[in-house]
Every structure is written in C-alpha cells, then in structure tokens.
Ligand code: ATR
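Encoded as structure tokens, the following chain is the form predicted alone, with no partner shown.
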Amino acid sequence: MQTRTLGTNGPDLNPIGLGCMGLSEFYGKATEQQTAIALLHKAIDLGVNHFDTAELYGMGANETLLGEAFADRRDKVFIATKFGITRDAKTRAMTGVDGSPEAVRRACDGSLVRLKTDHIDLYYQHRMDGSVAIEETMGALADLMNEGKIKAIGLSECSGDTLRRAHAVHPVSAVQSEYSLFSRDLETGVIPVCRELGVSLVAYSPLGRGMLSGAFTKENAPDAKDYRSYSPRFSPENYAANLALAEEVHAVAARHKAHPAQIALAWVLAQGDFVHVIPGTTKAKNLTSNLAAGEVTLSQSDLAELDNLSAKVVGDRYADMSVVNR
C-alpha cells in the first residue's frame, strides 16, 4: 500500500481515505447501521486508515456510527472530524458558524464521547467564523492539543491568507476543501500556501459529488431527497452540460481499461504528494474500485486532456459561495 505523510511530521496514511458523511445524511436515507459498520470494517481490511466525519453529519449520528464501528479497532484507524457549523435542533437547518473558544471545547468534548475515544487524530474547523479571529480559534485548538485531546489541527474551506494566519499561531497539518477535475479554484490562493508551509490538502468530493463517477446519466439525476439536487451544477439548466464534460473522462478511462472514478481520483492524486482524497460511498463495490485508483498512472497527455475540463464547468460549487474560502 502506498502512503503519504499528513502535514510535515506524519502520520503516513493511505492517500485514499473514506469520507463517511453519506452513510448518515445528505444522500437520502441513512444507511442501516450494521450495513454501514460492515462497510467501515471492509475499508480497514482493504487498507483504508483515514476516515473523515464531522459533528454536522447527521447531527452527531455519523460520529456515533464511527464510534461503534471502531471501538474495538481504534489503533487501526486515523479519525478526522470537524466542528463549527451550527444547526437548529428541531428543524436541522444550518444556522451559522461558531469558532469561539467555548464552542471549540464544547464540540470537541461531544465528539470524543460520540467517537468513543480519548483523542481525535485530526480536528478541523469546518468553516471559518467571520465574527471570531482565526487566531482566537487556533489558540483554543492549541490548548486541546496540549491536553492530548487532539493530535493535529486542520481547517476546512479556508483562504490562503487565513491558513497563513492560523499557521503562525500553531502548525496546521491539513486543509480540507473540495478539489476535483471540476473544482480547481484552490490552485491560485490555497495550494501555493499549502506547499510553502508543508500543509496537506485533503480533497473532499474528488469525484465532483458523484458526477465524475459515472453514476449519473440524463435519465438518472439526484432526486429531491439528495442535497446534490440543489447544487447549481446539478440544476436543470446546467446538468446536461456538466454531464457531457464528465463523459470526456470516460474516454480516458477506456484507454486505461479503468473506471471513470479511478481516472478522476488519479488526476487529483497526481497534483502532488501533499494531496490526499476522501471519496465517499455507501457501497462496497465502489469502495474497492476507488481504492484501485492508486494503481492508475496517468500520462502527461492524459493529464493535459483532463486539465481542460474545469474551465468548461457550468455553475458554482454551492448556491451561496460566501461560506467557503474565507
């Protein structure tokens, strides 16, 4: 199994991890617990050691799931989770971001209980709080590190400037942001700072929220229970055009006798040894296929062909882009 170092000082992880969000929320009905646990155990057996969750996902349900799955095999897994996005307990609606020191500590203690562990391997601020200076939030995270409750600090969807300011308070090990053949806005502001400071990039949605996986067709689009149906790139006016772009990945996949998802993941991984990916899935066959992306080597001509796709994508990543790159 190939490994890549997270941040400057490790640990060494399989560069293909598992994003666990979809097991609990946002892609329709939550996966039945025993089925989800079986998938998580299979992932370990296949060599996955990096598992990503968040307080947000299922309002704690996803962390609870991982706590159940990993209670008897904690030494085999690297658990990353996130804090900061707040929700209404009754309506489940997103209500804002809280990066205050009090919220950081409260969220961490809750995650530790749900995850059934005494430490979190990588703890991210899920989104930046415009009302709390990043230096103040980082100070609280540094305190948690000193207490042994977290082992590394990460930021999710931050700007290059915020990363630089945060890193000046305490080393940041990873930035998690959307990065794929369809989403490359990080390359101008964030990735150069990651390279300079020795910070890893953990790419979520490396399959373009599934559009690059071959799972969707003109007749098979996300339904109303799937949050992707509200994404600008999946909207009726943009869906067909973006799907046609995804078809271009199929041509490269055919040359490699590979699955389109493997090509999309291989492209992300080819952007540098500091890059890790955390594709999500609820299906064992997709898990196995995604992990095989590590065996795909793209030629320079392949990479050049694929590099052209992002400029043709129609629609923003989110309906409200103000919540990212702050």
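Because the structure is a prediction, the values reported are computed rather than measured. Note that residue numbering begins at 1 and tracks the sequence as displayed.
Below: the form predicted in complex with this ligand, not depicted.
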{"item": "Proximity to this ligand in the predicted bound form (heavy atom, within 4.5 Å), stretch among 266 to 274, 42 to 50, 286 to 294, 66 to 74", "value": "286 to 294"}
{"item": "Touches this ligand in the predicted bound form: L207 (any heavy atom, 4.5 Å)", "value": "yes"}
{"item": "S213, heavy atom within 4.5 angstroms of this ligand in the predicted bound form", "value": "yes"}
{"item": "4.5 Å heavy atom contact, H119 and this ligand in the predicted bound form", "value": "no"}
{"item": "Non-hydrogen atom contact L56 with this ligand in the predicted bound form at 4.5 angstroms", "value": "no"}
{"item": "Candidate spot R228, A261 and I278, all three touching this ligand in the predicted bound form (heavy atom, 4.5 Å)", "value": "yes"}
{"item": "Sequence-ordered list of residues in 8 to 44 near this ligand in the predicted bound form, where near means a heavy atom within 4.5 Å", "value": "M21, Y27"}
